[in-house]
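Only one chain is included here, represented as structure tokens and corresponding to the form predicted alone.
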Amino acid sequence: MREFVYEVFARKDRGEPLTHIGYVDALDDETARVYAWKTYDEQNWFEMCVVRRSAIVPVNRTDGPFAANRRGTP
């Protein structure tokens, strides 16, 4: 089975912006949730989210980790 890369975002308090805190590799969304929570549990996060890297659409970059997801020019 193929693993996917998931970007991890979190916020410490209500109203704060989500901040990128890292990534995890996982087979599916549920496993990514567990891995993220266990990997980045050093803080008392108010909210944490995972997003499959392949779902991120870059807007203004042609390089970097999301370049493979680029779909045309803005």
Partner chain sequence: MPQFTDEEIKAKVREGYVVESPEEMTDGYRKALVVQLTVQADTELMSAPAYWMAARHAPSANTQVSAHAIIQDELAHANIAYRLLEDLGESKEHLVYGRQPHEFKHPYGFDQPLENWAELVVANGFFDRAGITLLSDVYQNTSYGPLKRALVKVDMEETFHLRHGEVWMRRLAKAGGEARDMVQRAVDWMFPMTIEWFGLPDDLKRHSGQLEYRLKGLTNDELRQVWMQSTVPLCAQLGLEVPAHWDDEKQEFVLDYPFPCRYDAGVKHWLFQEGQITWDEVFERWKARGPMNEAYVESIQRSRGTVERWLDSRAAA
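Everything numeric in this text was worked out from a predicted model, so none of it was measured. Numbering follows the first chain given and starts at 1.
Just so it is clear, the following notes concern the form predicted in complex with the partner chain, a form of the same protein that is not shown.
- In the model of the complex, the partner chain lies farther than 4.5 Å from every heavy atom of E16.
- Residue contact with the partner chain in the model of the complex: F46 places no heavy atom within 4.5 Å of it.
- Although the partner is absent from this view, R53 contacts the partner chain in the model of the complex, with a non-hydrogen atom inside 4.5 angstroms.
- Among residues of the shown chain, F9 is not one whose heavy atoms approach the partner chain to within 4.5 Å in the model of the complex.
- Contacts of stretch 30-58 with the partner chain in the model of the complex, defined by any heavy atom lying within 4.5 Å, are made by K38, T39, Y40, D41, E42, Q43, R53, listed in sequence order.
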